[in-house]
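Coming up, as structure tokens: structure 1 and structure 2, two forms of one and the same protein chain.
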Structure 1
Amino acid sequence: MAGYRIGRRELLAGAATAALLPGALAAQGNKTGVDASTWTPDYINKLAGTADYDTAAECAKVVPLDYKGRLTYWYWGVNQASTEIERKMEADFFAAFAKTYPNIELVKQNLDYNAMLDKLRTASIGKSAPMVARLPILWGSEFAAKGQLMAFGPTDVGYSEDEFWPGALKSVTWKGKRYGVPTNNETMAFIWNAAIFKEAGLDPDKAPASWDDVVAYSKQIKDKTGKNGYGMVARVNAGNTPFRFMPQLWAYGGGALDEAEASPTYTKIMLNSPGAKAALQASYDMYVRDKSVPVSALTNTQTENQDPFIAGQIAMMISHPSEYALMIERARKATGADKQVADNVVANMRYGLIPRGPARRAVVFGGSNAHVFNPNIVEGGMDLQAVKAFVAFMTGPEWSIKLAWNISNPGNVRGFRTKWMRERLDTIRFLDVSTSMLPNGIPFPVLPQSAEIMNIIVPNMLQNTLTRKMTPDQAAENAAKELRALINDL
């Protein structure tokens, strides 16, 4: 019952985003593979709970269950801010692995998100890297480019590549070879406060259909209610900014490089394309012309939008699937008069698709990958069998979905067929909506310079525009120049 074959032809012929639809749907004759409109909340709901998988059995095919070995693993796991269920799932995961492979000694390290990248870089230089690490999707290319990862893909752990999103596979590919296995993928959605919409005279149950609508709605909300419309985020060197601006940039037909194309070359610069300039203009209109977004957008990260949203001061924003649970938490913690306001906001929260633009509907393809480090920089040497056992275990349908419970979606698409998907759909409000954005997901350019492009060049372009240091046109040209210099440096 595992995935089906997607031919190369289909892959290449695929639309801007690539989605694999396993099993039944293919049988229904969808030979061309990608059809974004079929991946609807409805379809997702129908798919859930239609299959069952035996994790131990599948792993045993790769590495025998009595294998004796040792494994070192670094990951970005639960912390103080994590919810109950995330903690439970993480604990269950390690317990289950210990039960399945009792003779593999697992030495794990839970690192803080902000510290992890630097620690790994340092460890790699110092030849004390772990065997396996689970890294956010943007981080892997840097290590791959430097030869610090071992060539390793889904087929090494007994899975077919059809079981993973093409966008996810793009993100573990360097110079034609696979360097990791996707563990989970998520895409953001659009949330809004229906009460504020109603107050401003907008249809409370419909998200703005296009980005031009976002600009218009934002202005109307500000004019009619005095509250800020769109929760813009434009801080430099903060991960949130590109996750919110790139969908806008891609929607208008722009991009950093040609990452939005079906077969990107990552050499064509699109920061100064007409689409990019239009996207910048939209932001300029909201911030400078209409003043309908928070003034603090220039120094805000998404965290600084959450409290205002729950206090009913921001009407709409792009939101990570986990933010719903976060908002509930915040409302729960509110006291006094704030509590009523917060509860009201929660009751009025709506989730919808991210607006489309003239070119497309787009969202950043996020998630994490499991990477195996090059044996010559691993501390204490490599135990490949233990690694395979662990990665097979972690990236199979069961744990792919369980470890992504609150904040993501399974990287292995078979996960969508499990009973746990059913459970999630029943307990996590709006999951079907945020999941349905997956086909529109575009990963950041798979280059080691991606971090610099997304965290510095793009936000700088935005800030130059919004502070009126440069016109949108100038800012775009300036950013393109910087990008060109960066790429040429290669």
Structure 2
Amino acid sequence: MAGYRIGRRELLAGAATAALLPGALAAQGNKTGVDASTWTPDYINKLAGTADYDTAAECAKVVPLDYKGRLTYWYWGVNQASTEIERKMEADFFAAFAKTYPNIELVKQNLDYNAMLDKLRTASIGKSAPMVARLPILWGSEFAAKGQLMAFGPTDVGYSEDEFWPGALKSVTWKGKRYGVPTNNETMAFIWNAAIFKEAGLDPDKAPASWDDVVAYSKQIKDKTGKNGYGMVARVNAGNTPFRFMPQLWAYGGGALDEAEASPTYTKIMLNSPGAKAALQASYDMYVRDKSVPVSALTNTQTENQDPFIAGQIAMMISHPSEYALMIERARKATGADKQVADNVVANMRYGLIPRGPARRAVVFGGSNAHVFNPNIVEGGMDLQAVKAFVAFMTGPEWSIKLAWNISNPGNVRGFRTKWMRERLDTIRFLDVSTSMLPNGIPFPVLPQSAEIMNIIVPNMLQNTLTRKMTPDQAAENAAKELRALINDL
């Protein structure tokens, strides 16, 4: 636990970063009881368990509980890699909705994350879209820009916009109109194996302070132990890649566009900036020069890092608080000598702030949003009352936190005050650490091409560098050229 205590002191010392949040957050606190302008682990802990909410009563103000209707819903939910608690919460959610609105027939599809976007594109063109879809924060603007979403925001389901993070509202805004309701929001944290740090001669209870330190630590770990230092993720067309590379890119002063600036225009290209090239060089140094990361990083998602991490073969990575729960579950299932190794890894897991760069400390402001498709492309027609009932139920303080149990945080900030947040903090180690990164969160550019920028252009830039097809400078210039062409098309 020593590393945890030290990590908390570091977090509190760095809490001044909360000043980066818009001043409106202090006023937001007056209306919601959640003052996000003073966002520290201590405040998060003190807030939890201070309020109770009645989900059915809140929903009844929007749609009567005896309403009879039908709803179609697409989402990406539990899969083979999900923990037992995730499976339970998802099942409980659908059971609770059926109990609250017994006369609404719900037809749902749980789709694979990496396949869902293309399926929705095809369905929208073919006028067979669902009424509601829960989409990663990156995707909604594309459908809004194409005119495939209804203008539909928090106030349509009885919630004040003060109940949601400003960055989350930005992600559902297109040309001044709201096109969705935030369901959950998240920031990741930096994870390390204290035992490997100690074996490599590093302070086991101190995370790397900077991205330059990550490069140096990764090399030292490889040289001293033969194990991989950093769990790099560089797969093309997989959401895991930008969530782990963009914090590095922003930290060095780069960006895709100017999304890291206080008032982004989304017209200034930053992929070929000196900061972006420095971030690429750091990745090149780890992958090519030092060979201190997995060779399979080119095809890895975070899922592929989990086995070597629990086997004690990867020392550092970026992920959610859920990673700790996943490792506990993997250790529980291990047998023989593997179980001893796995138990040791779990005991030595540490969480801290994602390292700084020369420009800033940064993390992706992620999450998901509930979007409503235009009636003219919905298969079977639209039942707007059923839609409102479902979205109100899903995005209130109760289910926005339960559905985010160990993978994210509630989109509705009132969720931070609930008894369920208290339970999460008591049972999910390091949750307050990753949650405290929210003030450092930077949303992806709110553009219809964001998915292509983040899932294709940025990973291709990284791959061109790591495969030595191009130098970091050439890869950055090439990516900037591709991005410029994409923006010009817009």
Partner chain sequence: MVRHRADYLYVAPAVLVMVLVIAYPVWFTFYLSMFSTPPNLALEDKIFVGLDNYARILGADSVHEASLNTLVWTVASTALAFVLGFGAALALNRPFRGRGLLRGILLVPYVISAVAAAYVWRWLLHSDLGVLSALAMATGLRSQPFNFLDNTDTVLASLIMVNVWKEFPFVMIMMLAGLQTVPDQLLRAAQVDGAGPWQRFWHITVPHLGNVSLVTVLLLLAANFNGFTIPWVMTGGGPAGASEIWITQIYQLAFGRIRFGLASAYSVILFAVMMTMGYFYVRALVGRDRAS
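Since we're looking at a predicted model, the values are computed, not measured. Numbers follow structure 1, counted from its first residue as 1. Here, rigid core means the biggest group of C-alpha atoms that superpose within 1.5 Å across both forms.
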| Which of the two structures shown, 1 or 2, corresponds to the form predicted on its own? | 2
| field | Shift of A194 between the two structures at or above 2 Å (CA, core fit) | value | no
| message | Taking 2 Å as the cut-off, check whether the CA of A347 shifts that much or more between the two structures after a rigid core fit. | response | no
| field | Did Q463 shift 2 Å or more between the two structures, C-alpha, core superposed | value | no
| field | Rigid-core-fitted C-alpha displacement of D383 between the two structures (angstrom) | value | 3.4
| So, with the core fitted, how far does Q80 move at its Cα between the two structures, in angstrom? | 4.1
